[in-house]
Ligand code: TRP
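Take a look at this single chain, the form predicted on its own, given in structure tokens.
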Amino acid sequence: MKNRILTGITTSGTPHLGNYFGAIRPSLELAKESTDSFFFLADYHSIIKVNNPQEVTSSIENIALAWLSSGLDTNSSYFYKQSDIREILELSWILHCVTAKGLMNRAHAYKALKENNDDDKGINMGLFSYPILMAADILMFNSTHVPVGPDQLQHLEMTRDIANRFNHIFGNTFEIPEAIINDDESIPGIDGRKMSKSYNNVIPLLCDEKTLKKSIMKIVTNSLEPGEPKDHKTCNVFNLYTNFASDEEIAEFKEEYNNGISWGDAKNKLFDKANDSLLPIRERYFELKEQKDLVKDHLSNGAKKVRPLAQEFIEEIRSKIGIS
């Protein structure tokens, strides 16, 4: 079996630095070493929380452009929209039928919402069972490796459980995917929590220089004055800087913290480094954005490459469960 890397980003909101450092950049690096690479836009996942059609549509385009602007080569990889591969939803239902409810009860997202909500108020079935749709995304193409952050590892473990259960009942069908742990996945947002659209604490990836600086200047810091030594280990400004800088630059910045750099100077230093690093992506983004139908064409071509693989495999799965 060939090595197959698979990565998806949910199409809700604007692409941000957390998406870039947590998924896009490491996945593109892994793609250079793998035989097959699958990159997809998880648009069906987005409607679990987003009820605004215009927001989903806009996010699909922007996240696609984020991948393309960051260097994704659609000629040497598979790049597609989840909703264009109908077989994924069919597989999701099949997997629902072999997945224990108890497994879904243990999902972190569900448990977090249910903790102070005994009657499940406000929790829809999409949120409850989305790990099964995620499993279908992964297993549909027999992915062998999936890059995940520590907080996403449970999703991959659930996928492995579901695949093993199906294989036990119907015979060897699915590869059991392995996690590639990205320890740097948890990129801090402007409030110190993990950068997330859900927390409204993001720094946009695809924005102009003015917007980038404005976002960085909003990063929450403490009240230490200039000249007072500062702890770099717990500082969001410093942690973000490490994603852009070399080891030598990081060591120099650490020394400036020890010497009491002001928060304004620290944020300006982060902005200068981030702005220089993101400039090629930003320029490529604005260039691609002007090309009408570019995203539509890339995703259409991607679906034409991917669907035959899905169609062939779903026929095999149907045969194994007695439906043909």
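All residue numbers refer to positions in the sequence shown, first residue = 1. All figures in this text were calculated on a predicted structure; none of them were measured in a lab.
The same protein also has a form predicted together with the ligand, omitted here; what follows describes it.
Asker: Is L299 part of the interface with the ligand in the predicted bound form - any heavy atom within 4.5 Å?
Answerer: L299: no contact with the ligand in the predicted bound form.
Asker: Is there a heavy atom of I187 lying 4.5 Å or less from a heavy atom of the ligand in the predicted bound form?
Answerer: Judged by the heavy-atom cut-off of 4.5 Å, I187 is well away from the ligand in the predicted bound form.
Asker: Quick check on F253: any heavy atom within 4.5 Å of the ligand in the predicted bound form?
Answerer: No, F253 sits far enough from the ligand in the predicted bound form that none of its heavy atoms falls within 4.5 Å.
Asker: For A266, is any heavy atom within 4.5 Å of the ligand in the predicted bound form, or not?
Answerer: Heavy-atom contact with the ligand at 4.5 Å: absent for A266.
Asker: Identify, from the list N243, T99, T144, Q152, the residue with a heavy atom within 4.5 Å of the ligand in the predicted bound form.
Answerer: Exactly one listed residue reaches within 4.5 Å, namely Q152.
Asker: Can you pick the one in L205, I138, V237, M195 that has a heavy atom within 4.5 Å of the ligand in the predicted bound form?
Answerer: Going through each option in turn, the one that passes is I138.
Asker: Using a 4.5 Å heavy atom cut-off, which of 27 to 35, 55 to 63, 283 to 291, 42 to 50 contacts the ligand in the predicted bound form?
Answerer: Result of the contact check: 42 to 50.
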